[in-house]
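This document opens with one chain alone, in structure tokens, the form predicted on its own.
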Amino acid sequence: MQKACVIGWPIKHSRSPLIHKYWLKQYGLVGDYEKVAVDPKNLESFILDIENFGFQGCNVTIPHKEKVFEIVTVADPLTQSIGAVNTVYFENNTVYGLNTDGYGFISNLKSGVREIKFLDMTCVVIGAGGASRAIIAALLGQGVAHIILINRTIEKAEELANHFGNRVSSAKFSELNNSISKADLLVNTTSLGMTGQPELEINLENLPPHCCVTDIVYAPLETNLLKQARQRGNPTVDGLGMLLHQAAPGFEKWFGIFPKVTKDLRNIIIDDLGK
């Protein structure tokens, strides 16, 4: 029986098993997907010996994404530019690592706003953490003209902007309300607005009416940022689709079928979020 898993420390919070077990059942496949808590000190031995643990591969969540990047053979230039791995698979006696977060982000936007055109866009991205790296790389790959990266620690934003080159510039958090006046796309990549976290303090008064607003937070499903944007009439996309779409490439690597993200699957996760 083919098996995959999600690893983290801790791992209890992960909803990945719900997603992958749904697809296994949907496609009539004999397989399983588990949660495995992996202590950071055991991470390298687990990843390099993943086949002997009985797994085709794994998803990687906090706090292991950057460390796994250093352990595996990086599968593509996009993952290389991100510097973090969320999907591991075993092929030809080699353990490979992918980052599918950017793919998940773009797929979610395209399914949420079908007429979205990335070419020549100006994007404002809030946050300079691991998710931000994947999203910036993906947006640049779609041909956006300019990304304004805003972070409370300006040095972190400057470092990331330098990493990605001249289409990315940095700005202070105090410049956020002014920066959004130029935006075609506004993205929150921080945990601000998540259940139990402080709200993202933002005034959308200067936001152009056509600007699409998205948030990678999916608990709550509609964050205060998305609520404000929706009430103004801006197109909005919640963060749950990113979670669902980023899972699909890994499923294909482990089980041989590229699965569809359906409304039924989305509703299953929404029901679980409400528990």
Ligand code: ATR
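The shown structure was predicted, so the numbers you read here are calculated from the model rather than taken from an experiment. Numbering starts at 1 and runs along the sequence shown.
Here the subject shifts to the form predicted together with this ligand, a form of this protein not shown in this document.
Contact annotation: this ligand lies within 4.5 Å of heavy atoms from the stretch 150 to 158 in the predicted bound form, the single such stretch among 104 to 112, 91 to 99, 150 to 158, 176 to 184. Interface membership of T122, defined by any non-hydrogen atom within 4.5 Å of this ligand in the predicted bound form, is ruled out. This ligand is not drawn, but in the predicted bound form it has a heavy atom within 4.5 Å of A128. Although the partner is absent here, T189 sits close enough that one of its heavy atoms falls within 4.5 Å of this ligand in the predicted bound form.
None of the heavy atoms of G141 is located within 4.5 Å of this ligand in the predicted bound form.
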